[in-house]
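The form predicted on its own is given below as one chain in structure tokens.
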Amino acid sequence: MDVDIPEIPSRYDAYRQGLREFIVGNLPELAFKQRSGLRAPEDPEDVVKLRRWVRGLHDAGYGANRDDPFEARISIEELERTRIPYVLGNPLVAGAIVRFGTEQQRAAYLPAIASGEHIWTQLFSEPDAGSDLTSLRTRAVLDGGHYVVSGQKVWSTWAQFSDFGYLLARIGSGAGRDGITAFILDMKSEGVTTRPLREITGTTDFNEVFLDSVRIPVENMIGEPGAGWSVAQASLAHERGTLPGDKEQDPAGALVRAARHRRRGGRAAIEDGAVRQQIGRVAARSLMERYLGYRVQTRAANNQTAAWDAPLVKIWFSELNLEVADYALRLLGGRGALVEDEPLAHEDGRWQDTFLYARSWTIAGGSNEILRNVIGERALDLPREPRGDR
């Protein structure tokens, strides 16, 4: 069997009930509205409340990083329903530290990530090196017990509130993958400037970060010098293979609600056979997405991961998500363009926001075009895509 996701035993019912009671008693009231995608608060006071919320979950034994797989599944299921962040910043560095970090790094950073004490941002992409990390230009020069780093990063979520950055920089004079090295960057270091970017959604979820002769202690390197490509690929594989926690869990159901809300020719759009057929196609593809995710999880649990597993999950989710958002707007007509707090907006303008954000999922974690090359070259052993330097 290629899918083996065991049912949660009934003995975990008490754990689930305890978590639900904790949520009712401790859910923070925020100015921040969690929308589609990986969004960050605007108000620093919300960040304080979120740190307190995550710390409370951790101390009460309800964090999503539970060692018990059934408890972890329950935590994720219940916490996602709140639509309040329960993981702050970009946590992908945790996997890198577990696999490549020193004992001192594991002890210093992993507990603080789990408890919300430390918020991290990922400093990979650059203005001229987005999906193609081999083109990054940020450089690190060894100076005694420190590396001096200069360069620019962009599309960094939570950077304006982060304590640390998961940084890729190049040492030496090599090109391509040569010399790329992973570092832990204290975001309060002298020479670090963070500037939030206002996006089409109207929010500032991403940032650009400028590094001007920033000194990073040698002991803050993750892995060996020049091994940053391997460190980064391990993290990106996890990112691509993990479906976004705030994605629409029932896209067909959401479209049914929209079709019942929208009227055409004096009747609800859901009564139109063509609308029902389209929603049925979404339902089928959504079930296929879920099965694909379970299959990849099963293969990973059995140490049978293939090169196409994570890219397939990411491509399937991001393209279905974009298709659903596009159809929802067309289904709702003019009301679909209304934003939050507009009296006539359907579900507080959620589809307008979802559509504006949806395209970014086809780029995040490696663009879908690049991931199709990964599938072709590494999984199907097809000829390599011609490179620009040939």
Partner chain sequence: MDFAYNDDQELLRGVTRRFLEERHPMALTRTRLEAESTFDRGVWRDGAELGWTALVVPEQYGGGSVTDQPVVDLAAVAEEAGRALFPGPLLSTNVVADAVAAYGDEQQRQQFLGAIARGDCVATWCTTADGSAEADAIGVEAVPAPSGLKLDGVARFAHDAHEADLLLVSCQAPSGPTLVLMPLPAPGVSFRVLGGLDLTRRLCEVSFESVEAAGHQILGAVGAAGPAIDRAYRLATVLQSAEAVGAAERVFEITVQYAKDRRQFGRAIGSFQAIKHRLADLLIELEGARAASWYAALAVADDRFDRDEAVAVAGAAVRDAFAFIAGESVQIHGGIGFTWEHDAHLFMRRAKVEQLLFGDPDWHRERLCRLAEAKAPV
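Quick caveat, the model's predicted, so the values are computed rather than measured. Superpose the two forms; the largest set of C-alphas matching within 1.5 Å is the rigid core. Positions refer to the first chain, counted from 1.
If you look for the form predicted in complex with the partner chain, you will not find it shown, but the lines that follow are about it.
Judged by heavy atoms within 4.5 Å of the partner chain in the model of the complex, the contact stretch among the candidates 205-213, 117-125, 290-298, 82-90 is 290-298.
The candidate spot formed by 277, 369 and 373 lies fully in contact with the partner chain in the model of the complex, as each residue has a heavy atom within 4.5 Å of it. Although the partner is absent here, residue 218 sits far enough away that none of its heavy atoms falls within 4.5 Å of the partner chain in the model of the complex. The partner chain is not shown here, and in the model of the complex it never comes within 4.5 Å of any heavy atom of residue 21. A residue is said to contact a partner when one of its heavy atoms sits within 4.5 Å of a partner heavy atom; residue 283 meets this definition for the partner chain in the model of the complex. In the model of the complex, the partner chain lies within 4.5 Å of some heavy atom of residue 270.
The partner is absent here; in the model of the complex, the one residue of 161, 164, 316, 229 having a heavy atom within 4.5 Å of the partner chain is 316. Shown without its partner, this chain lists 129, 192, 252, 154 as candidates; in the model of the complex, only 252 has a non-hydrogen atom within 4.5 angstroms of the partner chain. Once the rigid core is overlaid between the shown form and the other one, residue 211 does not reach a Cα shift of 2 Å, moving by less than that. The Cα position of residue 258 differs by 2 Å or more between the shown form and the other one after fitting on the rigid core.
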